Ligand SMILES: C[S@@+](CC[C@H](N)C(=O)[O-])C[C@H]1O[C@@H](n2cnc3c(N)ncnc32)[C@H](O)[C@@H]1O
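In structure tokens, one chain follows: the form predicted on its own.
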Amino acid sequence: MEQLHQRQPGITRRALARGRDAAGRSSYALLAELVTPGSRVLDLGCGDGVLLELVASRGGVGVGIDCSAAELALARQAGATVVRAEAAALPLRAGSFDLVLSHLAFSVMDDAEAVVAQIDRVLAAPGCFAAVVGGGPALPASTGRQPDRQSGGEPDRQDQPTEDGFEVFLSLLGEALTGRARCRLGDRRAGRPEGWRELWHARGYQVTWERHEIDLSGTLDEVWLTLASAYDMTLLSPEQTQGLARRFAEECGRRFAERIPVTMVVWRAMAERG
């Protein structure tokens, strides 16, 4: 994970910021809309600072934490206040934030219990932690595949298209990685509603999960940039990556028109102190 962000800082913004849900919100905006003027906000896994920019635009006072020096360099260039640190050992005062946010980072962090303890420590009462988790495809019901339990486990919608560029990509990536161990990041509880309840209820927090479908359809170049940001791509050699890109382009040319449909399911998960 860190290798990807050091080699391609800003990749998450480039891959995902253009996506929108049915209400016209990006996955970042799902978190930013929780910010009120004057609120003190901590962004865990802030990357290049895209969420911090939205926090500032809503009148919040944001601080970002990340372990990637390359990502933090971009955030500082944009004027963000950021600190290089691990989420499990935050160098911040107790009760110094009203809101803690995390965009597709909390679910890939190791030692979820230590991270939760740190979030609880730095939150002022009443306090809220909100994270975007998931990032899987919106699987069509016609495939007969089971829904992604890590992303919440709701049944698939019946009105989705029967083909999606995300599914094409995952199929080809699976073939390319046959026989290899896949990336296993973070604590599985951090990406599941029942896991959140286990992590947060004992500390007096109430947990809610909201499902959102993010439309990331686009040109071949746009879609490839989005999908190729998957951490499993770091397991491929440059030659294998080029081969996968060619196969993906061929399959998309055969299946789709100029615009390739891609829908990503994310969840806005919230833990609010009761």
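Heads up: residue numbers just count along the shown sequence, starting at 1. All figures in this text were calculated on a predicted structure; none of them were measured in a lab.
Note that the form predicted in complex with the ligand isn't included here; everything after this is about it.
Here is the short version: of V41, I214, V50, L244, the single residue with a heavy atom within 4.5 Å of the ligand in the model of the complex is V50. Interface residue among L99, M109, V168, A75, judged by heavy atoms within 4.5 Å of the ligand in the model of the complex: M109. Put simply, T263 is far from the ligand in the model of the complex: not one heavy atom of it is within 4.5 Å. Although the partner is absent here, F248 is not a contact residue: none of its heavy atoms lies within 4.5 angstroms of the ligand in the model of the complex. Contact annotation: Y231 falls within 4.5 Å of the ligand in the model of the complex, judged by heavy atom distances. Heavy atoms of V55 never reach within 4.5 Å of the ligand in the model of the complex, leaving it off the interface.
Only one segment in the set 197-205, 85-93, 117-125, 171-179 has residues whose heavy atoms sit within 4.5 Å of the ligand in the model of the complex; it is 85-93.
In the model of the complex, the ligand lies within 4.5 angstroms of at least one heavy atom of each of the following residues of 94-133: H103, L104, A105, V108, M109, in sequence order.
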